[in-house]
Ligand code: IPM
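Just one chain follows, in the form predicted alone, and it is written as structure tokens.
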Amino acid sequence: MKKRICVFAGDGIGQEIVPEAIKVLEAIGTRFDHSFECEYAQVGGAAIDSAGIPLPSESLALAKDSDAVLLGAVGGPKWEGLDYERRPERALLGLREQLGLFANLRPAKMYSALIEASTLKPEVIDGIDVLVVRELTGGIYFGKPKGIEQTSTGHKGINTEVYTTEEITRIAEVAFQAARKRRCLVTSIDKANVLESSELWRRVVIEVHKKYPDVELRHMYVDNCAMQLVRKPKQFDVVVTTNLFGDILSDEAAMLTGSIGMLPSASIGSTVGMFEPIHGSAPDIAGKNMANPIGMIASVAMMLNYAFDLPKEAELIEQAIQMTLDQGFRTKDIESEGTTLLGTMEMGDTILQNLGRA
């Protein structure tokens, strides 16, 4: 197999974790005789510094012309004073919109070796395996009108939550299809008791469900879901929800596992998928060899699985991660008594070594 991969290291710790993930990808290529051609470009704050905008045209063109996109992280306090349209995070929204990436898949799975790293009781989190399916190109982040307007007494901020039948249908399809490969349970999250957009969301999800009689469908209000994820997370299998709710709930689900640095994500929808860890750029630890590269390495596994249909290769990476954790190696964010602390590069090297044994 020969594939072209667009790599955006981005900002902050993205510059440190991406090289560790590429080492693992190259090892997979060598082992299975695949050719992964990686081409690098800038997005986010790095692109602002060099080109004045968060998503230069040449970066977008490279992404569109590739078989998949690997992204590290974007953003940081350095660029927080810029106008909203020029901030690093606009690169993410632009890539999602331009690549047609309407579905974001965020797994939150408990590694048995990390039960003590979670702030919740072991009996609550042991065995959790949740997949959050977040709608990615609609809702309040893209709805219009939006902006900040002058008023007689000051200013007024406006954002609009908008969803169409088509947008809800396609994300519901992704959720039900994913559930068929898991425990056949979908929980749809909305706020249908007060929001008309959520009322439509629930109606459409119910209609789509008719095509999937083998999958159980439950509905839950978003505030209750936030509580239930902490109270009884093992009740969830696939969670499908809107852009805003998914943004919040997926981070909450991530922390059930002990660290947001552990988890990958896949953004899919058209011919080019984008794969990235769900954490941010963590400028406070950038450049200190402290960042956890596991979420980035696991994102490579998701790329192999979802973009290139290489489940065996993806599973080997997951096994290497599991072996490393079982051996007691940890980065600072998941360190506990009796474990061995490693830096970013050392953790990447250890996973690479275990990949050779998997």
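We number the residues from 1 along the sequence you see. In this text, all values refer to a predicted model and were calculated from it rather than measured experimentally.
One more form of this protein, predicted in complex with the named molecule, exists but is not displayed; see below.
The partner is absent here, but in the predicted complex a heavy atom of D247, alone among D247, D237, E167, D190, sits within 4.5 Å of the named molecule. Only one of the listed residues (V132, M262, V186, L92) places a non-hydrogen atom within 4.5 angstroms of the named molecule in the predicted complex, and that residue is L92. The shortest heavy atom separation between R106 and the named molecule in the predicted complex is within 4.5 Å. Shown alone here, R87 lies farther than 4.5 Å from the named molecule in the predicted complex, counting heavy atoms only. For F102, no non-hydrogen atom is located within 4.5 Å of the named molecule in the predicted complex, even though that partner is not displayed. When contacts are judged by a 4.5 Å heavy atom cut-off, Y141 counts as touching the named molecule in the predicted complex. Contact with the named molecule in the predicted complex, judged as any non-hydrogen atom within 4.5 angstroms, is confined among 76 to 84, 111 to 119, 212 to 220, 92 to 100 to 92 to 100. Contacts of stretch 316 to 337 with the named molecule in the predicted complex, defined by any heavy atom lying within 4.5 Å, are made by none of its residues.
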